[in-house]
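Quick heads-up: it's one chain on its own, the form predicted alone, in structure tokens.
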């Protein structure tokens, strides 16, 4: 039995179909979750995908974090369920308090859309074990509010605890502090990143298939659960 990974859809979500496709590429079962439904349908993990939830009114993710489904995600994450937030999903996870810091307008106030090199800084999370530490991967980036900001105390804690998962290399595209592209929770189960691994799962349609490692990592973490279910 394949692990079941839920993919949430909010009003304005754009990349839920792509995230579900990436789950299937990794031999998982993608399960659609609706923002207004608190039922997680018994999934083993959750992806909060990219897009412009609620049109990005107020702050990005500030409305979505109050959706009924997110209350269930926060509760499940507290019990150890793997959760991945991509782009707008990263913003939502920060707004919901599952990850520290915030995402703000890009440094030069321009929407950035390009293929971006990242360095894998932590390969011990539920979403990064398929990578070698220090590996460089090519992943699409497309965001207008992707600058990661946090207090110096929080940054020191993230760096000291090894909780930076991905870091921009070859130039900082959005002004993120410490070139941070993705971080993890203290237990390594919740990960948020601004670039889009679901758009790098097939060399025919993306710049690489480097993003597949994110989804295979989660399936590896969940397969023991699926075997005993």
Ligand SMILES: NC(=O)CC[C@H](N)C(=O)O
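Residue numbers count along the first chain shown, from 1. Predicted model only: the values in this text are computed from it and were never measured.
One more form of this protein exists, namely the form predicted in complex with the named molecule; it is left out here, but the text below deals with it.
Undergrad: Considering non-hydrogen atoms and a 4.5 Å limit, which listed residue (73, 87, 99, 84) is close to the named molecule in the predicted bound form?
TA: Spelling it out, the residue with a heavy atom inside the cut-off is 87.
Undergrad: Does every residue of 51, 56 and 142 put a non-hydrogen atom within 4.5 angstroms of the named molecule in the predicted bound form?
TA: Every residue of the candidate spot has a heavy atom within 4.5 Å of the named molecule in the predicted bound form.
Undergrad: What stretch, of 113-121, 126-134, 155-163, 87-95, brings heavy atoms to within 4.5 Å of the named molecule in the predicted bound form?
TA: Only one stretch qualifies here: 87-95.
Undergrad: Do residue 189 and the named molecule come within 4.5 Å of each other in the predicted bound form, heavy atoms counted?
TA: The answer is no: residue 189 has no heavy atom within 4.5 Å of the named molecule.
Undergrad: Residue 45 near the named molecule in the predicted bound form, any heavy atom under 4.5 Å?
TA: Answer no; every heavy atom of residue 45 is more than 4.5 Å from the named molecule in the predicted bound form.
Undergrad: Using 4.5 Å between non-hydrogen atoms, is residue 15 touching the named molecule in the predicted bound form?
TA: So residue 15 counts as contacting the named molecule.
Undergrad: Would you please decide whether residue 60 lies within 4.5 angstroms of the named molecule in the predicted bound form, comparing each non-hydrogen atom pair?
TA: Heavy-atom contact with the named molecule at 4.5 Å: present for residue 60.
Undergrad: Is any part of 20-47 within 4.5 angstroms of the named molecule in the predicted bound form by a non-hydrogen atom, and which residues would that be?
TA: Contacting residues: none.
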